[in-house]
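Just the one chain here, the form predicted on its own, laid out as structure tokens.
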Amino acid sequence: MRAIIQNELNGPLTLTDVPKPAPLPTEVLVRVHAAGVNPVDWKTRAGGGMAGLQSFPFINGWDVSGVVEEVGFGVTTLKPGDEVYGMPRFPHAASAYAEYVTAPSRHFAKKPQSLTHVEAGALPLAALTAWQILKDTADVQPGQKVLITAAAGGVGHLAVQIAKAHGAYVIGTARGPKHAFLKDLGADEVIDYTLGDYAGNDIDVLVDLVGGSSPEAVRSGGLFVGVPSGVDSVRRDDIRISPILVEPDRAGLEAITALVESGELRVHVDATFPLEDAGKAHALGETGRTQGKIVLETL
């Protein structure tokens, strides 16, 4: 099969023929149609992100949308021909920048029927990050105020919609040209971060997707969640402070699918590239100016 190989940290992403994997017991073999590209991908390539958990040669990528081709012994929830999506094995290597992947069957869920593989391939890591922050960690309730930084990005634009779907009042930060996009997604307020920070101190949940945000906007008893830089520098004794690292989560994917199928969640794909142009996809992502997601197409 074709795959994108990296032989050293910060090395080039090279299209190479490698052996097609076979599923072990409880695993499935998935023919990849699309692989989402996330900040953790280019950070890992450069030696940050999850690089410390990988070995070389390394096949990058975690987001997968495709079709089950073979199931290993013991698998009962999926069968050949099923369209699936997921974020398998994270933070260990999933090797999604390839024509085939194998992974535990329960790291996948049925793909939303209303989405193309490109759209579904853009969802898992970003949507699960937003879901696990807003529902599993914050348990956002109707009427709460949620402030999301980098709200037009991959995680941010999905977090806006997930928070709105659960009745929150959502405030997002983004540059001025992206304000209309966020309003269309349902944001109640949008702040141009180049002109200043949120002026209040009544936020129930602050989702910091860029790092370095001040916790001063959070009300006493509220929650500050830091992604991906953590919260070591955040200091306030009267609020809850939490880092988070997304985990494979079939139940979370099924909840995301339900939101997609109900029309409450849509994913914006900013750009697509063929598999062989993974390096170009990383270069675009590293500009920090994309809106929504970048996706590799493997067919």
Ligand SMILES: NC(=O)c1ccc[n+]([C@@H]2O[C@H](COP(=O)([O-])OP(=O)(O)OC[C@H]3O[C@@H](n4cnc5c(N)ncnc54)[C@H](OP(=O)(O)O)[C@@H]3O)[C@@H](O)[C@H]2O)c1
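None of the values given here were measured: they were computed from a predicted structure. Heads up: residue numbers just count along the shown sequence, starting at 1.
If you look for the form predicted in complex with the ligand, you will not find it shown, but the lines that follow are about it.
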property: Contact of G288 with the ligand in the model of the complex (heavy atom, 4.5 Å); result: yes
property: Partner contact for Y169 in the model of the complex: the ligand, 4.5 angstroms, heavy atom; result: no
property: Contact flag, V234 vs the ligand in the model of the complex, heavy atom cut 4.5 Å; result: no
property: Partner proximity in the model of the complex: G121 to the ligand, non-hydrogen atom cutoff 4.5 Å; result: no
property: Stretch from 207-215, 107-115, 68-76, 92-100 whose residues place a heavy atom within 4.5 Å of the ligand in the model of the complex; result: 207-215
property: H268, R250, K43, R31 - the one with a heavy atom within 4.5 Å of the ligand in the model of the complex; result: K43
property: Residue among V140, A152, L185, L223 with a heavy atom within 4.5 Å of the ligand in the model of the complex; result: A152
property: Residues of 120-143 having any heavy atom within 4.5 Å of the ligand in the model of the complex, listed in sequence order; result: L125, T129
